[in-house]
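In the form predicted alone, a lone chain appears below as structure tokens.
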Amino acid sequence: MKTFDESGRLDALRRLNLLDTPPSESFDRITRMASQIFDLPIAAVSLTDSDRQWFKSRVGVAHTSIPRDAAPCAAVAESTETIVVPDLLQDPRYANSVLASQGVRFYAGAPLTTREGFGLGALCVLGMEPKTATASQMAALTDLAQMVMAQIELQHAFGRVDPISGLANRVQFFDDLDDLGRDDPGRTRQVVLVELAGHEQLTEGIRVLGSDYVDTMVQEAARTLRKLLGARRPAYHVAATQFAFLAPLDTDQQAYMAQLAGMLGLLRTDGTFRFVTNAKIGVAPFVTGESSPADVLRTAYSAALDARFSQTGIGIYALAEDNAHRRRFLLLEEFGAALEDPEQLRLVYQPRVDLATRRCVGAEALLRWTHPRLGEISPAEFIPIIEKTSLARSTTASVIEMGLGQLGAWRKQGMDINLSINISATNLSETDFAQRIQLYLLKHGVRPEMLELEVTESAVMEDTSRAIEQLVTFDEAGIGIAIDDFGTGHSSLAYLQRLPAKIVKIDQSFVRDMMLGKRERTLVRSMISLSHELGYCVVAEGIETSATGDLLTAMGCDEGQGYYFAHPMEAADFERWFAGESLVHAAA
């Protein structure tokens, strides 16, 4: 069910700059037609403001607005559906409305809806006697409402030709796709999107050459496209440095790809800024009349983004890849709400074991997400998405809040263990991160040495000086630092030696390969030996068999975690596991 977005609706209305503007004959003509079709004395183009219905055009009424409360046009704007009220006095929603008090009995309204789906108001007709409306009258009212919206878009678009390129703009492209869907529905076509330059290229170009750089590049590309496509195949300027056009009907796909490759070569080499930019092309199929113009353009842009990984510079739309991108965006969009919902996010805890004694000495807190519709979302899917956004700060804050709260509760129960929590590169760039961690420790009554923060080599390398500064602050406060996924990064030992870490965690990929052969075992043994010589405590991740655990113990590895000892567990299950594990060792 679509959620009503009043703030978005009002923003769409006000961006059009229609409210409180002078009357316009172009609107009045449509309003008069509506009045004549229904043979009614009153008609209006009514726009729903926050507290009023304002009339851009009106027939048979002197005032320019009425209160929004209990106004039928407001209901049309909110629902974006046609509404007919045969008798306002017989309808409890409107019996006490301003219109009814002025003697109006009949109302019919068709929505004025933007391309984004926001209802601006209604084209309405009113009568002083109860009546009904025929299907043909309502169809005509709907058509007239769409004419009103076309007039609104026309006025707002300031024409349909881009002043820089001289090509038809995106508004015209969308209208032409709509017309194509009506005139030739059900036919498979292909849209081609040309992107002249990526964001970083544009930024650097403008910094060095000024904004004229973009204008010149666009004008030269437009001339090239007009020459290649010919007069009968229009190109559209759909974004700052993006152009779109339709592929010819019934063309040989392989031959057409060769033509596009030639076009791409010209765009990259022909012009003032040849070799400066790296143009890409995206190609996406669609069926006329079945997909919205906006979605047609979106799929072509998705293909152009995929072209970055193509040797030819041409990307072909792939539904599976697009669905993956859309799912990632959906998860990112909905994760913010999950942070506010205790039913969605929770922590599970995986024990960390001293390999010599096989006693539990700590646990790693791991975030889990149960989506209300999608079910369990793997952390391998959502964590990499979140880490690259501003949500990383609040996510880590939530994990630390939950984790230290649980650790404080366990401490009161006499469970003397440490807790390790993963942090990201984004967290290390926060100026107040160390201070906030110390406040959480005070809040939950947890000693600093009971907390261990895990950071990957790659996270440290993003901003080495800032990261080391933060980690030194943690170390001075008594908080433990562990280098996670050791061996998978690209940092040098010189950098690692500068870190105030006391623990390295050998990545599970090395541990799981140990039993494959002598070289794999030698590599792990060398990692353990080198880490010990540098003064680190060594933790092996991903221990899944007793043989692996025994071999790591013989190699002198200090601690380990993995499915062999225990899977990640809910807090209550961890407590029972810990009690049982302690009893076993006490009996021994």
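Numbering starts at 1 and runs along the sequence shown. Source: prediction; values computed, not measured.
Keep in mind that the form predicted in complex with a small molecule is not shown, yet the notes after this line are about it.
Here the chain stands by itself, but in the model of the complex one stretch of 284-292, 422-430, 445-453, 307-315, 422-430, has heavy atoms within 4.5 Å of the small molecule.
The contact residue chosen from 405, 379, 181, 127 relative to the small molecule in the model of the complex is 379, the criterion being a non-hydrogen atom within 4.5 angstroms. For the residues 201, 473, 350, 172, the 4.5 Å heavy atom test against the small molecule in the model of the complex is passed only by 350. Interface membership of residue 393, defined by any non-hydrogen atom within 4.5 Å of the small molecule in the model of the complex, is ruled out. The closest non-hydrogen atom of residue 176 lies beyond 4.5 Å of the small molecule in the model of the complex. Residue contact with the small molecule in the model of the complex: residue 368 places a heavy atom within 4.5 Å of it. For residue 538, no non-hydrogen atom is located within 4.5 Å of the small molecule in the model of the complex, even though that partner is not displayed.
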